[in-house]
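Encoded as structure tokens, the following chain is the form predicted on its own, with no partner shown.
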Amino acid sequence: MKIVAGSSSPMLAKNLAKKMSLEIADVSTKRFPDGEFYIKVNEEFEHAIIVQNTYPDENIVELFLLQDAVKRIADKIDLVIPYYGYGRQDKIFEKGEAISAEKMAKLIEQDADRVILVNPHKDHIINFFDIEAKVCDGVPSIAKFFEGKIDVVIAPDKGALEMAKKASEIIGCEYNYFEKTRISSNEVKMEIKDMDVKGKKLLIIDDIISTGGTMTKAIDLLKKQNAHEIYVSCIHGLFIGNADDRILKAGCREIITTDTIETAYSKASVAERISLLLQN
């Protein structure tokens, strides 16, 4: 059994290999001048664990070619997708739309025996797969990083409330959330209900940070309520358009993410939780 590391999450692949006491396969890759991807597996093994994201688009093609190359050598393929791109469109909202989360699943499962997704947009996405599919939750990994460091876990909206609750239970602290009220078509009011955050150390947690707009607004509101320290965390840190810089400048003491998407903030690894799922 060997880890086949795609180019999207090399840190996680290394962490997973260490946790499972496995070697990373010898694979040659390159991109041609026109951007097309080339892969060659330089050894033989019976069981492969491929680690690769489906974001951004070029990583999807890389994944498909990794799968194709490996299936010609290995008898079994486990696939770990740290960040499942195209998961937002998980149902039809308007007539004529594509269900991208389902289409991706159907393409991926052609050359895999089992798949693990880390905190997909919705857990029911695993039902789109006709092969064994499991969800790995990265919240405990973040929570363990913050044990003994904070007083309250805050969800930026109700959608992240369960994440905040789970993290608070592991850390052993309180939790709360921002309630959003639409004032007009262009204005949304955010406020924390029934909690005084003055002088407290706070952790804002979410599944994805993309542009960082919600996080910067939450930080600003918490600062106005005289919070002592504010930390920001997420499972998947996309940080579009230097969103991380804006979050830090807003008054965040530290950003912590998992290693699903490798950045300078990837200090909480999901490798251990993935390894447990792979061994069951």
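Don't overthink the numbering: it's just position in the shown sequence, from 1. All values reported here derive from a predicted model rather than from experimental measurement.
The next section is about a form of this same protein that is not shown, the form predicted in complex with a small molecule.
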statement: Note: the small molecule not shown here; in the model of the complex, the stretch from 189 to 197, 107 to 115, 170 to 178, 205 to 213 having heavy atoms within 4.5 Å of it is 205 to 213
Output flag, D151, K201 and K224 jointly within 4.5 Å of the small molecule in the model of the complex, heavy atom basis: no
message: Which residue, D137, D157, E132, D90, is the contact with the small molecule in the model of the complex, using a 4.5 Å heavy atom cutoff?
response: D157
message: Please identify the residue among H121, K165, K144, K76 with any heavy atom within 4.5 Å of the small molecule in the model of the complex.
response: H121
